[in-house]
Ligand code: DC
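What follows is a single chain, given as structure tokens, in the form predicted on its own.
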């Protein structure tokens, strides 16, 4: 049975960077669950689905075909044979992904896909409900957090590095806090620290320090 490291936390807490590096160190496949919700949002907008209508989104969610396979140390996603790339990282997707992610049928569909990925091998899966809803029985569950200021600073840097920055740091922070509220108050699988999960506040930690903290806390034999 595959080992699954579950990493939850709000936007900008460092989930992606930490999970990618942990996966690289251990030879585990990195899984970005958030990209699946972004793909759903992208496809809905592309096809003219009203993302403010949960019933329409629920129906549409069953139609989207997403392929996934190991590629370069991660699980890569394809839609109609094409990788989404930065099309799922644009501001329009950022503004609507939370609405799509609140729909029960979307979450159920993506939860099923994520669980199915365990057949690919050992995983480090990042998201917002991985430790609470997707892999609640994993003995390696973590909740990464950081101050709003630190998260906004990191997210702004990511956007600049990707060449998609069009907001001030203050605007980024406002967006992150709005996303926090939506994620933590949604009815289905809200963002929260799972009971028994290890919480890591990375506000004043380096990436290397967080990665070492995660690896050192893994069950015996998982880091070999």
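Residue numbers count along the first chain shown, from 1. Worth saying up front: this structure is predicted, and the values here are computed from it rather than measured.
The same protein also exists as the form predicted together with the ligand; that form is not shown, yet it is the one meant from here on.
With the ligand left out of view, the stretch that reaches within 4.5 Å of it through heavy atoms in the model of the complex is, among 22-30, 183-191, 42-50, 65-73, 183-191.
Within this chain, residue 152 is remote from the site of the ligand in the model of the complex, having no heavy atom within 4.5 Å.
Residue contact with the ligand in the model of the complex: residue 89 places a heavy atom within 4.5 Å of it. Contact annotation: residue 60 falls outside 4.5 Å of the ligand in the model of the complex, judged by heavy atom distances.
Although the partner is absent here, residue 101 is a contact residue: one of its heavy atoms lies within 4.5 angstroms of the ligand in the model of the complex. Within 4.5 Å of the ligand in the model of the complex, a heavy atom is found for none of 4, 115 and 136. Residues 127, 128, 129, 130 are the ones in 120-143 with at least one heavy atom within 4.5 Å of the ligand in the model of the complex, listed in sequence order.
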